[in-house]
Ligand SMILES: Nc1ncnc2c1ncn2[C@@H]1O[C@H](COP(=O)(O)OP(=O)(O)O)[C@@H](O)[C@H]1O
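First comes one chain, alone, set out as structure tokens in the form predicted alone.
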Amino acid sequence: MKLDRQLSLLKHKLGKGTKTRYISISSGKGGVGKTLIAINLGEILSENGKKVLIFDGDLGLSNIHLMYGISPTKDLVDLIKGFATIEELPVKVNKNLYFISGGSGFQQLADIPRTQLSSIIMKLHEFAEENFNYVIVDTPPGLNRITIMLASSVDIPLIITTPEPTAIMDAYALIKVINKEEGIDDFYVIVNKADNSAEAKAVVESLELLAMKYTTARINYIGYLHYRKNLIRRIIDQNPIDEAFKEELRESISNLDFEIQEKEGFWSKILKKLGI
């Protein structure tokens, strides 16, 4: 089959409706609890009987496996290089929850031949759609081009920030870039490490003022999470699940509409952003 014909069929298939919901967890800077939230969100959704895949897209800084204390034998790079099949990548956390280590895989996707790229995207698409209700993508922090690509392709782009002025400004910078470069208007914000509701709302008001003045972005505030010192010990002990933290997160995500479905699928958008 000629390459153009193959790509045309691929785009047609990827452009169809999808049953799988895609959620990105992003932040303007590191250290705001992004990965911890990704893990606990995966736990919450999987407890409801949903099949969940966490995609650790944090380039060479993948650390979901470190938090869980589980070492993956294969990652996305192995798939790209032909050293692994897609079925070998997921690491099982519980009966409904899995994670895949991305390594520098998303970065490398942009540099491989078009025929290989289309084949890999199709494998990822089919595997996600056939096996999971939710895919959570933990993106690199900051204005990383991979973060921009992933966060602008999902159904629900979650932005994590804290009350620190630098975290607020970096979160705004990320929202502004995705809004202006990719045309995304709706962002869903969680304020982590807040002392109380008033402090969290003040953070969101700052983001809203900046967004209204300089962008067309809409800041959808869904909740806040208290700062908990015991989480540091849990992370050190490779036990990242805290019931009180998880309960607050569960309350926050109750404000999300998980039935949101974009007209164009996640993998179709990724294909376009990679220049195909």
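Every value quoted in this text rests on a predicted model; they were computed, and no experiment measured them. Note that residue numbering begins at 1 and tracks the sequence as displayed.
The form predicted together with the ligand exists for this protein as well; it is not shown, and the discussion that follows is about that form.
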Can all three of G31, T35 and N192 be found with a heavy atom no more than 4.5 Å from the ligand in the predicted complex?
yes
Contact with the ligand in the predicted complex, heavy atom within 4.5 Å, among A211, I235, I222, I44 goes to I235
Might H65 be said to contact the ligand in the predicted complex, defining contact as any heavy atom within 4.5 Å?
no
Close approach of H226 to the ligand in the predicted complex, 4.5 Å, heavy atom = yes
Of the candidate stretches 88 to 96, 114 to 122, 192 to 200, 172 to 180, the one with residues having heavy atoms within 4.5 Å of the ligand in the predicted complex is 192 to 200
